[in-house]
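This document starts with one chain, in the form predicted alone, laid out as structure tokens.
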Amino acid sequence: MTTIRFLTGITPSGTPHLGNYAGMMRPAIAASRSKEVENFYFLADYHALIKCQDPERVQRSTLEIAASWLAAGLDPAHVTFYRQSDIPEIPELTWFLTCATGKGLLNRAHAYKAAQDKNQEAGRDSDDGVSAGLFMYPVLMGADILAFNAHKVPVGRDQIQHIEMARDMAASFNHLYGEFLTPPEAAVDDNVATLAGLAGRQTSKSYNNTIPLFTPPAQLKKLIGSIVTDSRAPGEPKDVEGSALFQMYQAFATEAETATMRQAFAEGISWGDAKQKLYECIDREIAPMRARYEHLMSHPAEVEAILQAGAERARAHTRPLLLQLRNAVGLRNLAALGQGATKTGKAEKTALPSFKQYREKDGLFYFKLSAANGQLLLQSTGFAQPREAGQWIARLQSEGQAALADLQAHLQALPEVQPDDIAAALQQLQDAATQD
């Protein structure tokens, strides 16, 4: 059984607002509860450095974003929640992909082209103010996804290009070195809510028209009171179409409450009464989360511990993959160089046994070792955490027979193959320098 992996990144570039919550966080957290999917959520702090060079702001925003997701209901026991910069395999994979990706592909990236167009319109050099980080952004994003061989990446339509570029990078790497990377697919939800801001236009921190997600009740009420409305007096019918106030109410109310508010607009509810109802509706949902958020913000060590635990779970996936990729690209133990060398000095390619880690319907994590011809050599029993399986894989790859003796004490059953065959397969892995 192949478990479907979803991966979602959140850039810590500011304080979360109601638009972030209704449009992305709430549906993503609801989706994360599915038992049919293995979910990865990460704080993309490397990406934040492209736009923000304020170290304190990056640190503060990372805490705010992490605390917001946890307070809003993301369960770190059910999903893998980690910080991008805690996974050293991601920048290493970024370099591997950089060396296999054509510059022409990056030239077509929307963000880069938009920056060039803006410069040309202003009469400046086309690359003025464009950092290498901005130009290489799609490669880092590709590494974020491919390091976990994620199958699906939930994105808005404006981000589809980045997923297509990640597919191209995976194809280029696989063409050069073998089938190691899984081409991802974009998961686009056209029903995601987009809220209007205080002045009617779409919520955006750059417009300074947002309502912070966990703002105190008094400030929340004040900001809702500042939402721009028209001059129609109490008793005059009011339109729901184009109304920022009604749109926000609809995003937090039940269907029955929305229908009642729609009728109230038609009957001429006063703007003051409508804003009061909006405040009560939003605060009803946010208030229970606010206490948890404030606790986490005042206890950052708790957030750090959660992220470190998530990083360990994440690296149970990335470490074994990067060991394979290092071997594939030629970053190998030199002691094995003479084995299998031809007269031309080139090493002959040898089909190797391979490990596969997966999750079954029982919720446990397993791994198996298969020969190049598909023969099953070693099958583990279930582990409660993916990092346990990943740690054994890493030990078997690096220690071979020495680790096998320890592993056998933890396994309840082995397939019907001879121990000598298993040891020989592990020795073959070592001889081919799968670990540097």
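One rule holds for the numbers: they count along the sequence shown, beginning at 1. Since this is a predicted model, take the numbers as computed values, not measurements.
Beyond the structure shown, there is the form predicted together with tryptophan, which is absent from this document and is the topic of what follows.
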query: Single option in 247, 149, 159, 101 placed near tryptophan in the predicted bound form, where near means a heavy atom within 4.5 Å; finding: 159
query: Tryptophan: the contacting residue among 60, 26, 395, 47 in the predicted bound form [heavy atom, 4.5 Å]; finding: 47
query: Contact flag, residue 137 vs tryptophan in the predicted bound form, heavy atom cut 4.5 Å; finding: yes
query: is_contact(residue 314, tryptophan) in the predicted bound form, heavy atom dist at most 4.5 Å; finding: no
query: Tryptophan contact in the predicted bound form: residue 153, any heavy atom under 4.5 Å; finding: yes
query: Interface membership of residue 145, tryptophan in the predicted bound form, 4.5 Å heavy atom rule; finding: yes
query: Segment assignment from 66-74, 52-60, 375-383, 36-44: heavy atom within 4.5 Å of tryptophan in the predicted bound form; finding: 36-44
